[in-house]
Every structure is written in structure tokens, then in C-alpha cells.
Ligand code: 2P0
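Take a look at this single chain in C-alpha cells; it is the form predicted alone.
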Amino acid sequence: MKSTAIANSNTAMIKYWGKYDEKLILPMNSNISMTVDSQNTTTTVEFSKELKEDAVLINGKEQDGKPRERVSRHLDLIRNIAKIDLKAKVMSENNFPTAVGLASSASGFAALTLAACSAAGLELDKKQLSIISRQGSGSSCRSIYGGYVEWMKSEKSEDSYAVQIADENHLDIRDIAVVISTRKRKIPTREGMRLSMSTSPLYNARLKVVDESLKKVREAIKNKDFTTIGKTAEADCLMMHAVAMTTDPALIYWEPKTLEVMEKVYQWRDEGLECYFTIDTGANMHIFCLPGSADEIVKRVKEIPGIMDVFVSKPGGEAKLINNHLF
């Protein structure tokens, strides 16, 4: 009862911020992302009669407290579906920084879901895997699929899952992830969303316009309209952060270097180098561009003092089982 899966991270183009249901992780708005090919998580899961409790290792470090509890809760969900009561050993490795706003939980829980379901003997389709994965980490439901993906909002668990808008070969763009800080967030994203829903005066204003943003990006992906994708993603990013900043207490994820890179993106665009930024819950950011501009943008980003690392991604593929176990 051992399986290993690899799943790619994803970058949200239209973000979700806030949940209709905390336990089931049902988003207040639908959202769209691009699965990326260079940031991924590999996870091995083995259920065994020999284990008295779940053992969880992430990047070589044994987990306890909340991180282990979160994985065990997710395993409980899968154990319940599979009708087994065996404990599991879980070993997971990321090839990029964890918990710094680069969607490590998206690839992490997608890989965990696929590996654990396989190890438990479940044969599920992508829709079913997406529904299960969503309950561990919302954005992970999108990483079950490759390419461009929409996570559908619903007040019912069985109707909130990811669907593929277009596969990874449909539209070739680049996602340049810029690592500015590896400092972990003071307030976890889940708590931040909860606070924004109850305290930000801008929260409902964003919900009123997000459906139009979704429509624009959905159609732009199908029509291979990079400019509309970039403009709309950047605008949605700024709107989400406006909600975060007007939360009590204020959730200010940016650092001075984040603002500096944002200004550079505006400058480069004015100079004819088309690119757009988006930022999740951290100081780090993503720059979208067309393939022909990527080398020049990476060169310019690396010339900015204080940039820690740069990852360049193409649209990536779906989560999949592999034979190379971690233990």
C-alpha cells in the first residue's frame, strides 16, 4: 500500500480570497490559475499495520503540531472513503521554498491526495481527486490538472471542483517567479481570509467585479489573448491586496523590494517589453510574459540587488503517479 505522486504548483491569475465554508474549503468566488512546470512536490505515502500513528516528513524534517495534524486530517478523509483504518508514513519534498506565497500547499496537497488515494486502493477520476484535494488546500484542487484551470465556486462540496480550460500546449507563456523573501507569514492565509471577510470594507466590492474578470480571462485563454490575461490578472492582484491591506489588522504582504519590482514591470512595459505581475500572500511575486521576452526579463530581474532567486516556468502538466518512491 505504497504510492508516489508528483504535482506541480500553480499560479493564480484570478485569485480567491475568502471561504463560504471553512471546513469544506468552498471559495467565495471562482478562480483561475496556470499550472507551472518547474515548481513541484513529490510525495510518497505508505499505509502500514506496523504504524501506531501517522508519520510526516517534509523536506527531510519530521513534522509535529499543526503541520502533522493537517496532513493526518486529510489522510482521515481518504481513509474514510477507502474504508481503511491504517496509519501512514508520508514523505514529501518540494523543489522550491515552502510557505512563502509560492503555492507550496497547492502542489503539496495535490501530490498527497493522488499518492494517498492510490496507496489506499482508490481508483478516482480527476473531478473526484479535485474535490478531495480541495478539502486539504483549496488551491491544490487546481494542481490536479495541467495547463489553465478554473476552480468552480459552489455552496455544495460535490459541485466545487477544478476544470481544465485549456491544456498546457494550448498557450505558451512564461511565469517568472521572483523570490524576494523566505520569511514565513505571521498570519496564516486561512486566518487572513477570515479576517478580511469580517473587517475589510472593500471585500464585497471585489466580489461584485470578480465574475467579469473571470469571464475576461476565460475567454482570453481560449483566444490566446495574452495582453488581456496579463492586464486582468494584474488588476485582480491589486484588488485582492487592497482588500488585504484594509483588513483589521492590516495584512501587508509586500516588502520594499516587492514594490521596486512592481515599478520595474511598469517601466519595462512602457519601454515596450510586455509583462505583468501578480502576487499571492507574501513578498514574492510572479511576472507573466511571452516566451520571446523571458530571457531579457530574467536578466533584468537578476540585476536588481537583493533578489534571492528566480524560477522560470512554462505551463505544466497534471499531477501523476511515478515509480520512484522517496523511501
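We number the residues from 1 along the sequence you see. Worth saying up front: this structure is predicted, and the values here are computed from it rather than measured.
Separately, the form predicted in complex with the ligand exists; it is not shown, and the next lines address it.
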Answer range among 173-181, 77-85, 243-251, 186-194 for contact with the ligand, defined in the predicted bound form as heavy atoms within 4.5 Å: 186-194
Would Lys314 count as touching the ligand in the predicted bound form under a 4.5 Å heavy atom rule? no
Spell out, yes or no, whether the shortest heavy atom distance between Arg70 and the ligand in the predicted bound form is within 4.5 Å. yes
Answer for Ser139 alone: is it within 4.5 Å of the ligand in the predicted bound form, judged on heavy atom distances? yes
Should Ser293 be counted as a contact of the ligand in the predicted bound form, where contact means heavy atoms within 4.5 Å? no
Proximity to the ligand in the predicted bound form, single hit among Thr42, Thr258, Gln63, Thr281 (heavy atom within 4.5 Å): Thr281
Please identify the residue among Ser105, Ser118, Asn94, Ser200 with any heavy atom within 4.5 Å of the ligand in the predicted bound form. Ser105
What residues, if any, in 24-57 have a non-hydrogen atom within 4.5 angstroms of the ligand in the predicted bound form? Ile25
